[in-house]
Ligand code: GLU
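In C-alpha cells, the next block holds one chain alone, the form predicted on its own.
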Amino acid sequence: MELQERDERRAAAEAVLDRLTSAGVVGVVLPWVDTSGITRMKSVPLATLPSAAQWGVGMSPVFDGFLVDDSIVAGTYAGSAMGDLRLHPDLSGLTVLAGQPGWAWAPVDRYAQDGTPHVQCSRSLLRRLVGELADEGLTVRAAFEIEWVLGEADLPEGADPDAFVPALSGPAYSMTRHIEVSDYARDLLAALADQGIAVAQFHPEYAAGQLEVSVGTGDPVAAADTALLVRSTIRAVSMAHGLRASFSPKVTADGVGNGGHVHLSLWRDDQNLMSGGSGTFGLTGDGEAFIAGLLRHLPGLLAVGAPSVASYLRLVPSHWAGAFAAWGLENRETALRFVTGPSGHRQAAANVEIKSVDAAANPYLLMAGLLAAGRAGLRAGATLPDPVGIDPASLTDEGRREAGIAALPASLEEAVRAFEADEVLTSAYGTELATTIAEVRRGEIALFDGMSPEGITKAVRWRH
C-alpha cells in the first residue's frame, strides 16, 4: 500500500466523521472471519477512524490458527505468537448499525506491516479472484441465504445454560409461527432496511424455532460482506428481544440443520450466461461450464463450505441438504439446484444454488473457492452430466453408479482429503492458506474425536 493510498484512505474517513457523529456513532466495529468461520473483531473510537483507515489497527496473525472453541493449532503457517498484521477498514462498506445503537461497522482487509495483503486474508483473496474474472469480461452475482434458529435466552434456574429451548412452537412455514415472531421480525426487517440491505423474502423455516431471510444479489465480495452484516444484525436484534440465535449447521442431533446456501449467476456484457442459451434449461455453453466446474470440485469445496464436524450431521440424504454430487432443475436433493426463475424473468433470475454448504463457513473463503472452481470449468470447457429429476437417495447404489451420481464426503476428514487432492482449489488458495485450512480442519476433527452427535451439537451450538 503506497503512501498516497494511505492518505486517500484517511481523507475518506475524515469525510464521514460528521455524518457518523450526527448518527450518534461513538465507535466502529472492524470484523473479519477466521479459518474456522468465527467472526472476530476489534473496534476503534470514532475519532481514531482516520488513523485506522490510514495505518490500520494491529492484530496478531495467530487467529488464522484458531479453532471453533478458541483453542489454537500450532500450524505450519499459522498459530504462532510471532508477528503482527494491520486491519484496514473498507469504508465502501461502512454501515451505521441499526441493531447496535452508537456503533458503525466496516469490513476489513488484513495487511502485513509492509503494506502488502496478508497471504491468508480471505477477503483480499476473494477480491483478487473477482478482479481476475473481470479481466476476462466476466462478472458473478451472488447471494447467501441465511438460516438460523431462535432459542430462549432466559432459562429456568438450574437449567443447562447451553441448552436449546425453541422460542417458536408453531408448525414449519406456518402463519402461526410468523405471528409468534411478528414483533421480532418487524424489528429485524426494519434494522436491515436501515442498513441498506435489500431483503428479498423472510419466512419461518422447517426446524424447531428456525427462520430464513434471503437478500438481494451483489458482487461476491459484497455478498460475503452482507452475509456477515446480516448475521450480526440478527444476533443483535435477537438479544434485544431476549432471544438467542444460532447459525450452527446442527443445533440438535435429531433436528434439521441450518444451511448457508449460495446463489450464483455468471454474466458477460450484461447478459446472464445461465439463461438464453441453447443448452439444457436454457444454459449457454459458458454457463454450463461454470456450473460443471462447481460440480467437479464440490468434494474438496466442502472443506471450506461445510467446515465443521457438525456439518456432516446435517449433510445427509433426503433432508434437502444436497448430499449427492449432482444437479437438477429445482431439485432440492441435489447439491446444485438449477433455478430458471419464472417465465418472462429468466434472463435476470436464472442462477445455480449450492445447497450442501452451511453457515459455519467463512463466506469469503467459500466464495473464493466457488469462483475458482467455476473458473476452472470455464477454462476446461467442462460439460454437465444429465440433470437429476429425483431424490438420488431413492436409487439403489447400482442405479446411482449407472447415473454417474456420487455421494459427497460423509465426514470432515473425507472432505479435507478431497481438498488436499484438488490442485485447482489448493492453487487458488495458495500454499499457506490451503495448508492452514487443512490443519485447522484436522484440529477440529481431533477436538471432537470420539464425541457423540449430541455432544458435538452442544459444543458448537452457540459458536456459529
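Residue indices: 1-based, along the sequence shown. For clarity, every value in this text was computed on a predicted model and none was experimentally measured.
Form predicted in complex with glutamic acid: not shown, discussed below.
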Checklist entry - Is the gap between Ala359 and glutamic acid in the predicted bound form 4.5 Å or less for some heavy atom pair? => result no
Item to check | Heavy atom of Glu132 within 4.5 Å of glutamic acid in the predicted bound form | outcome: no
Next on the checklist: Please determine whether Glu147 contacts glutamic acid in the predicted bound form, using a 4.5 Å cut-off between heavy atoms.
Outcome noted: yes
Checklist entry - For Ser308, is any heavy atom within 4.5 Å of glutamic acid in the predicted bound form, or not? => result no
Next on the checklist: Heavy atoms within 4.5 Å of glutamic acid in the predicted bound form: which stretch in 239-247, 361-369, 315-323, 71-79 meets that?
Outcome noted: 315-323
Item to check | in the predicted bound form, the residue from Val256, Val388, Ala191, Leu336 that sits within 4.5 Å of glutamic acid by heavy atoms | outcome: Val256
Item to check | Listed residue (Glu205, Asp187, Glu152, Asp219) with a non-hydrogen atom within 4.5 angstroms of glutamic acid in the predicted bound form | outcome: Glu205
Checklist outcome for this item: In sequence order, the residues of 203-242 that place a heavy atom within 4.5 Å of glutamic acid in the predicted bound form are Glu205, Gln210, Glu212
